[in-house]
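Just one chain follows, in the form predicted alone, and it is written as C-alpha cells.
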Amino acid sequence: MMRLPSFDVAIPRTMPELLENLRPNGLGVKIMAGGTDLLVNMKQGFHISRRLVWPGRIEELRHINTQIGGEISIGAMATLSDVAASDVVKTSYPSLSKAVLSIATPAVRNRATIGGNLCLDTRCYFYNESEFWRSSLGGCLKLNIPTHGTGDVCHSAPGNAMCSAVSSSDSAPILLALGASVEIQSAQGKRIVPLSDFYANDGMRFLNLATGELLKRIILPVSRYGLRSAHNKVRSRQSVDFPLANVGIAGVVEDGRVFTYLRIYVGAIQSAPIRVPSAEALLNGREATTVLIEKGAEEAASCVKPIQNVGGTVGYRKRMVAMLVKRTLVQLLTSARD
C-alpha cells in the first residue's frame, strides 16, 4: 500500500496570508488546488513537501465573472464543475465548458480546479511509477535519485538534453486557441502574460513560474465577432484516462466556407501544447473543401513529435492528431458561433 508522507497544511483566508505562506522556508512548500493529482503523486514519492498550502477559502480565487471591458475572468481555484456549469462560460465560450466536462469523472471535477488542470504535472511511463520501480532505473532528468544514479538520462528518449514527459492538460489547448492570458501573483506584485508564455516545452520545467509565484486567474478576451471554437481528444478509455492527444481550435468562418484567424493547438503530445502555424497558414483565407481540410490535418500531424512514453505508439498518436484536427475543423464549419 502506498501511503502519503506526513505534511502540514496551511489554509490562508486572504491573499496576503497566502503569499506569505509561499515564501521559501526550507519546507518544500507546494500549493494544493484540488489535490486530485498532487496527492496521488506524493504517494508515489514525487513532490516531497512538508507543507501544502490550500487557497480554497479565498473567495476571489473562485470567482467566474465578466469584467468591465467584457473579458471573462476565471479564478484559478474554480472547480472544473463550476467552470463547466458557469452561465458566463457556456454563453461566451461553450467549447471550454465541453472540454472541461470531458476531464476525468464528475467526482474528480467536483474537486479538481481549472488552475490545477493548467498546471498539471507532465507524465511519462518511466516517471509515473512506484518509487521502488523508478529506483531500479537510477532516476531520470525529471526525478533525480542521488543514491541510485545521476538522474541525467531521459529513458524514453536517450540523448535528449531535456525531459520529454508529456503535458496532459485538457483545458490548455482550447484556452490557448481562444487567446487566453493568465495573471500570476507573488509578494512582489502581479504580471499578466499570454497563456502561451506560461508553458515551456521541457517536461521537467514546464511552467514559467518563479519561486513564490502562483497562478491567480485565467483571462479570456472579448470574443471576436463570428468566432467559433471546438475541442476534441482521444484516450484509451472514455473516462478517467489522461489524453493520448487533444486539439483546441478557434477561428472565424466567413461566407460559410472560408477559415480566417485560425489558431490550432495540439496537446498531450509534447511537454507543452504545440501551435501549428504552418497548418493555419495552409487553411486561412481559402475555401474549406474536404481536400483542403485533410491537407491541413496532415500538416498539423507532421509538425508534432510524439515520443513513446505514454499510451499508444508514435505512429498511432500522429494519426490521431490528423484525425482530431480534421474532426474539429469540420465541427467549426457546422457549428453555431461561440
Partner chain sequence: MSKQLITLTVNGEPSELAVESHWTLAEVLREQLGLTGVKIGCNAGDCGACTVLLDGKPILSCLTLAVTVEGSSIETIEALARNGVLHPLQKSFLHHGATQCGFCTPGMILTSKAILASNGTPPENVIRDQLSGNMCRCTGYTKIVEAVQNANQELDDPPRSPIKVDAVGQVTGGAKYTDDLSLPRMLYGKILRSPHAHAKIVSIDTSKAEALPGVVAVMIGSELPTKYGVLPASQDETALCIDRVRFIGDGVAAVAAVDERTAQEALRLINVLYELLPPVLSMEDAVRTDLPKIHPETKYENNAAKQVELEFGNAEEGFAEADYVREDEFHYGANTHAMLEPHSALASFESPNQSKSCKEGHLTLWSATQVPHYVHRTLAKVLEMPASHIRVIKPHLGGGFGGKSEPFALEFCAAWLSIKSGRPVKITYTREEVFYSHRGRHATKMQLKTGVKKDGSITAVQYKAMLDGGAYGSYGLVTTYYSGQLLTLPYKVPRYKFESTRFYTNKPPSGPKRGHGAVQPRFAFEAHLDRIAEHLGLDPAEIRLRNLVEPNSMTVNSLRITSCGVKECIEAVMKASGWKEKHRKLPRGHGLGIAASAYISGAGKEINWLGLPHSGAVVKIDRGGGVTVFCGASDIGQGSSTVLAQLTAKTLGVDISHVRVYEADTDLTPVDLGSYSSRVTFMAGNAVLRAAEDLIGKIFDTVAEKLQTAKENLVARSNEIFVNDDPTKQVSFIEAARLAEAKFGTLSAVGWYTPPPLGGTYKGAGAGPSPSYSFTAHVAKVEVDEETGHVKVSKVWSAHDCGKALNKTLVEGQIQGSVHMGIGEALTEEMNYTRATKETPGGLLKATSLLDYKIPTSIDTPPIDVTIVETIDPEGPLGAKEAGEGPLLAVPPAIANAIYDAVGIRLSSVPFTQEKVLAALRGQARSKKAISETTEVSAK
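The structure displayed is predicted, hence computed values, not measured ones. Positions refer to the first chain, counted from 1.
Here the subject shifts to the form predicted in complex with the partner chain, a form of this protein not shown in this document.
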Practice prompt. May I ask whether 61, 84 and 202 each come within 4.5 Å of the partner chain in the predicted bound form, counting any non-hydrogen atom?
Written response: no
Fill in: Residue (of 263, 224, 98, 123) lying close to the partner chain in the predicted bound form, criterion heavy atoms within 4.5 Å
123
Worksheet item: Among 188, 211, 130, 91, which has at least one heavy atom within 4.5 Å of the partner chain in the predicted bound form?
Response: 130
Worksheet item: Is there a heavy atom of residue 286 no more than 4.5 Å from a heavy atom of the partner chain in the predicted bound form?
Response: no
Discussion item. Residue-level contact is defined here as any heavy atom of the residue lying within 4.5 Å of the partner chain in the predicted bound form; does residue 271 satisfy this criterion?
Written reply: no
Worksheet item: Does at least one non-hydrogen atom of residue 180 fall within 4.5 angstroms of the partner chain in the predicted bound form?
Response: no
Worksheet item: Closest heavy atom of residue 50 to the partner chain in the predicted bound form, within 4.5 Å or not?
Response: yes
Practice prompt. Please name which of the stretches 299-307, 53-61, 273-281, 66-74 has residues with heavy atoms lying within 4.5 Å of the partner chain in the predicted bound form.
Written response: 53-61
Response to the item:
Within 294-330, the residues having any heavy atom within 4.5 Å of the partner chain in the predicted bound form are 312, 313, 316, 319, 320, 323, 326, 327
